[in-house]
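Okay, so here's just one chain, in structure tokens, the form predicted on its own.
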């Protein structure tokens, strides 16, 4: 398993997560507490959802640079419409539809006009971020009763342990993604597309539909992540989630998904998010380190895992 390009990086990520958690437990009192571990999910529920959508895209050999800006756009739409008196029952579906349509447009741009995913999603990123500033230049607070109740609700797990409803949403998204990728024709086509688009076409697979659908899924997950982020912050702000697209890509790659596509697991991406969360938690416990050290460690891990992927795929050949 360790020498397999399919399972090797995921196993390494799991070992790395356990090792970092053990180091934190030896260095800091209370680090191994159950609530500290659960807070990794509470604080990163939106990033888990974002990483799920990114996993679909990267598995096909694509990339999506727009997800962070779409998260910001979702928070701005939610905050502005709620402030105007719209019902959450209308606002939430509208955001999910709008972000899915944006994903559809990106997918069509890539497939129909043969635009490189990097350029198409970069254009979508600028579009989404620009729309944020059209809505408002300032932060918009959210006081809607449903959103505030959702934000402050804790689900007890026994003892003093608890999670938020956002974690439940993130877990359901992960389960749905695992089922789709592992047990459906669409999921098998996603992997085949990452292995080689021309081969997929020769096998009679729905390459065009799959290529567009993965960007719709990414757009949907970005919108949902934005909604979860508004529950977390109870506000909308144009500068929200700057650089989050890089966090999502890093989590997916650290989780074992090949940047060239074809290999990877959703659960690996979740492990990648947890690794990023543990690093941030250690820096918080340390108290004397700048938060920028998180970026330094993430960058170092990203380089290590890209080299690991190269070595494993070369060994496979």
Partner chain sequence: MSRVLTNRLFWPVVVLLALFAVNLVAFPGFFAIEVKNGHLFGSLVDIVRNGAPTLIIAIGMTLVIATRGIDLSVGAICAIAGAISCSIILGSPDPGNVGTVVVAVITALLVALVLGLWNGFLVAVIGVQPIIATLVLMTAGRGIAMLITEGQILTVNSAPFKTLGSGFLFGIPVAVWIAAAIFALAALLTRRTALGLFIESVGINPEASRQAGLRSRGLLFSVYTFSAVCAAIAGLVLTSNQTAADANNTGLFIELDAILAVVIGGTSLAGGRYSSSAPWWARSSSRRS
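Owing to the predicted nature of the structure, the values given are computational and were not obtained by experimental measurement. Residue numbers count along the first chain shown, from 1.
Although not depicted, the form predicted in complex with the partner chain is the subject of the following passage.
S.K.: Choose from 266-274, 41-49, 253-261, 26-34 the stretch whose residues reach within 4.5 Å of the partner chain in the model of the complex, heavy atoms counted.
M.R.: After filtering at 4.5 Å, what remains is 253-261.
S.K.: Check whether residue 63 has any heavy atom within 4.5 Å of a heavy atom of the partner chain in the model of the complex, and answer yes or no.
M.R.: Yes, residue 63 lies within 4.5 Å of the partner chain in the model of the complex.
S.K.: Examine residue 126 and determine whether its closest non-hydrogen atom to the partner chain in the model of the complex is within 4.5 angstroms.
M.R.: Residue 126: yes, in contact with the partner chain in the model of the complex.
S.K.: Can residue 17 be called a contact residue for the partner chain in the model of the complex at 4.5 Å between heavy atoms?
M.R.: Output for residue 17 is no: heavy atoms all beyond 4.5 Å of the partner chain.
S.K.: So in the model of the complex, does residue 198 come within 4.5 Å of the partner chain, heavy atom to heavy atom?
M.R.: So residue 198 does not count as contacting the partner chain.
S.K.: Among 242, 97, 171, 178, which has any heavy atom within 4.5 Å of the partner chain in the model of the complex?
M.R.: Only one listed residue qualifies here, and that residue is 242.
S.K.: Which listed residue (116, 87, 137, 182) meets the criterion of a heavy atom within 4.5 Å of the partner chain in the model of the complex?
M.R.: So the residue touching the partner chain in the model of the complex, by this definition, is 116.
S.K.: Counting heavy atoms only and using a 4.5 Å cut-off, do 82, 145 and 149 all touch the partner chain in the model of the complex?
M.R.: No.
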